[in-house]
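Next up: a single chain in structure tokens, the form predicted alone.
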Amino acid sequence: MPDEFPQFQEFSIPAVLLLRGVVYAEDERVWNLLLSNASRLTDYFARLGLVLIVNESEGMAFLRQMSDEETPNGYDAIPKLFHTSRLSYKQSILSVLLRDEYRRFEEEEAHDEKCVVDESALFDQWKALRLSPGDDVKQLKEMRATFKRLDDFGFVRRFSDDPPTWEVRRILKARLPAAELESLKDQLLLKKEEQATDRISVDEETA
């Protein structure tokens, strides 16, 4: 243990919370500390190979790993703190549906409200994009398990249990750009269409 600890720095509070995830403007004290120490935080995280993203219009801030192109000379030996995770097929489907819900929410210009979705309202859309057939009980169980996984990513959080609803968090929009999700949605629909065509072909051959 050192004889004397360094003097407390208030920017340590948003720094630790940023390392744990997203800081939202709703946490007013931390948000104000973050904004008033943005330059120091940016410098501090740059030394760790991280980029601080502050989106004041969306009211959120988060960190991302510095890309190879952004890394200055001499920084190439820094180990990566964050690793990229690829979404599974089911996580991709649900992300596409939730991004659509968030887009509609923004078009309603209800920015002072939360984007809350009802599980039952998404279920038919979920089934329409799933390639594997199954009864409703099994598919609902799959969808709920996928919601929980997206909760681990910070994209959603449970809003209420009765009825089962989820809040779509703004970080989903930042982490998963609309263009990429639109492309993914097209791919999912194409796969579904190809699967339907294959089934028709099999039926015709059988007949």
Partner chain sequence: MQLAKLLVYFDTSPALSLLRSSNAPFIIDFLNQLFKQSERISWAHSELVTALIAYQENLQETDPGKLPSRADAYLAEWCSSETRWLRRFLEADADEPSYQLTPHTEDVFAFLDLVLGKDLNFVGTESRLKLVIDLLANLVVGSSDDPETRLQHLRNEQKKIQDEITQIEQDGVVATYRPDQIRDQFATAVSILKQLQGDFRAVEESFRDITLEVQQQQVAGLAARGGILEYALNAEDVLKKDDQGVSFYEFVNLILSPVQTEQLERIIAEIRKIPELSHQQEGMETVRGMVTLLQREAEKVMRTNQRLSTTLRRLLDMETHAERQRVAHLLQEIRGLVISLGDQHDCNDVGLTVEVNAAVDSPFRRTFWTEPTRLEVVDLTEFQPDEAERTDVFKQYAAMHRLDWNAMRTQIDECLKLRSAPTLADVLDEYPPTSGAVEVLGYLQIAKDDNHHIDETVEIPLSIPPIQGKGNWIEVRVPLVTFLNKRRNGHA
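Heads up, when I say rigid core I mean the largest set of C-alphas that superpose within 1.5 Å between the two forms. Numbering follows the first chain given and starts at 1. This is a predicted model, so every value here is computed, not measured.
Omitted here: the form predicted together with the partner chain. The next part is about that form.
J.: Would the partner chain in the model of the complex be within 4.5 angstroms of a non-hydrogen atom of every residue among E10, L33 and V168?
T.: No: no residue has a heavy atom within 4.5 Å of the partner.
J.: Is E180 a contact residue for the partner chain in the model of the complex, using a 4.5 Å heavy atom cut-off?
T.: Looking in the model of the complex, residue contacts with the partner chain include E180, since a heavy atom lies within 4.5 Å.
J.: Do Y75 and the partner chain come within 4.5 Å of each other in the model of the complex, heavy atoms counted?
T.: No, Y75 stays farther than 4.5 Å from the partner chain in the model of the complex.
J.: Verify the contact flag for V137: yes if a non-hydrogen atom of it lies within 4.5 Å of a non-hydrogen atom of the partner chain in the model of the complex, no if not.
T.: Looking in the model of the complex, residue contacts with the partner chain do not include V137, since no heavy atom lies within 4.5 Å.
J.: Looking in the model of the complex, any heavy atom of Y44 within 4.5 Å of the partner chain?
T.: No - in the model of the complex, heavy atoms of Y44 and the partner chain never come within 4.5 Å of each other.
J.: Using a 4.5 Å heavy atom cutoff, which residues in 154 to 183 contact the partner chain in the model of the complex? It's fine if the answer is none.
T.: F155, R157, F159, K173, R175, L176, A178, A179, E180, L181, E182, in sequence order.
J.: With both forms fitted on the core, give yes or no for whether the Cα of I13 moves by 2 angstroms or more between this form and the one not shown.
T.: No, the C-alpha position differs by under 2 Å between this form and the one not shown.
J.: Compare the position of the CA of L189 between this form and the one not shown after a rigid core fit and state whether the shift reaches 2 Å.
T.: Yes.
J.: 2 Å or more on the CA of A145 between this form and the one not shown, with the rigid core superposed, yes or no?
T.: Superposed on the core, A145 moves its C-alpha less than 2 Å between this form and the one not shown.
J.: Is the CA-CA spacing of M66 and A179 tighter or wider in the model of the complex than here, given a 3 Å or more change?
T.: Distance between the C-alphas of M66 and A179: shorter in the model of the complex, by 3 Å or more.
J.: Against the shown form, C-alpha atoms of P164 and L189 in the model of the complex: closer or farther, for a change of 3 Å or more?
T.: Residues separate in the model of the complex, at least 3 Å farther apart.
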